[in-house]
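The chain below stands alone and is given in structure tokens; this is the form predicted on its own.
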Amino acid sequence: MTAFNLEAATKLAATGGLSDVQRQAVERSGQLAIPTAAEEIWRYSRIAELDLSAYVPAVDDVAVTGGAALVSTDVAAGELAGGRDLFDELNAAFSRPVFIRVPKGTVLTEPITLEHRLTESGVATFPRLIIEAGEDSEFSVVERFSSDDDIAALTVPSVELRIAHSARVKYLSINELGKKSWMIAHQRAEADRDSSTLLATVSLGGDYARVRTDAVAVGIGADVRQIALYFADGTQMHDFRTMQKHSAPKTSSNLLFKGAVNDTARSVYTGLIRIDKNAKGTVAFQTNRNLTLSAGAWAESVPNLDIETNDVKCSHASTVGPVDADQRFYLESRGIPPEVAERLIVLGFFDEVLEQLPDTPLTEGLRAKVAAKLDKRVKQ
């Protein structure tokens, strides 16, 4: 942790210097320890393998396309909030935030895209994105994280979505990091009255990739959907922690996470639907499905409910298992080779998520990239 100090934060600060909020985050981070797997929110994780002393903080290399008049990097004093753990504080301290502010009634036909590229080993970057959706606005935002396989780096991204009355917002995070890079991400969303929010994640890369999502419906009639596709092979691990919180009446949420693990890869999903006492009329669903494609692969799925009122409709479901034998037999009985049959089944399994992703140039090739992972398995 010696590299993550006030001097380093000052050097990385944007024009105008380090803000008081950032300075305070540096001080708090110095008093916090790395989390452990003994904590519920980190259970089953590989956090014990992280050696922060192997990294030094660096500026996030981000390229922004679209919405030029709506994107800024001006840091207003006090606008950066502190976090909940060490990684939230480090992000607040060492980030150069990007703000997307879409005014009331604005409809964007083209997505705003942010591409983060890790090009140097031994560095830690802290991307921070704050999205403010004005009343009755409509738009999509896509973030992509990538690196080459020989880059051993750490990225700790944070995104905050503030969704106003009747706004319609889609957000997608795409992880295509190399085999030696780590990601520890935190997504937060607050959805106001009658708004519609989609939080989507596609996770294909990284050695260890973790995404924590806290989505809160704070206004009557708010609707929040969460979807994810993840595919881990080799020794990868993909780790998801979700919260669907309902703080207002007649809100709704629907979560669908689908993953596959191959070789000796691992995945973890733990999720919680929390319904407050005054959130009557809430409808909330949580579904996690996992395919284990080899004997050495492992997946953990732990859905939970915490309901403090009646007059609600909630359910959760999870599955972990191999490719369905009946589906495989059906295809093979019609002359389809076993490896092709399994490829078709897995791609069909993921289609339910792929079809719900925002329609952007960065999502067009995702199905082919999933297929490429399956093809690599066949060649092995």
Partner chain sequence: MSVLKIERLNASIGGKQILNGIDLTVSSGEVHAVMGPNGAGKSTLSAVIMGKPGYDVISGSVTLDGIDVLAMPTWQRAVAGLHLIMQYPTEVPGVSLQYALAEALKARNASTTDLAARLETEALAINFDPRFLDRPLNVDLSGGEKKRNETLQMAILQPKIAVLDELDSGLDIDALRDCARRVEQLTHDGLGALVITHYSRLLVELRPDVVHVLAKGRIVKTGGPELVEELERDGYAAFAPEEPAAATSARSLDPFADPFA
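Numbering follows the first chain given and starts at 1. Note that the structure is predicted; figures quoted are calculated from it, not measured.
A second form of this protein, the form predicted together with its partner chain, is not displayed here; the remarks below concern that form.
Note on contacts: among 319, 53, 333, 315, the single residue with a heavy atom within 4.5 Å of its partner chain in the predicted bound form is 333. Its partner chain in the predicted bound form is approached by residue 351, whose closest heavy atom lies within 4.5 angstroms of it. Not displayed here, its partner chain is approached by residue 340 to within 4.5 Å at the level of heavy atoms in the predicted bound form. Proximity of residue 344 to its partner chain in the predicted bound form: non-hydrogen atoms within 4.5 Å are present. Not displayed here, its partner chain is approached by residue 367 to within 4.5 Å at the level of heavy atoms in the predicted bound form. Only one segment in the set 322 to 330, 45 to 53, 64 to 72, 32 to 40 has residues whose heavy atoms sit within 4.5 Å of its partner chain in the predicted bound form; it is 322 to 330.
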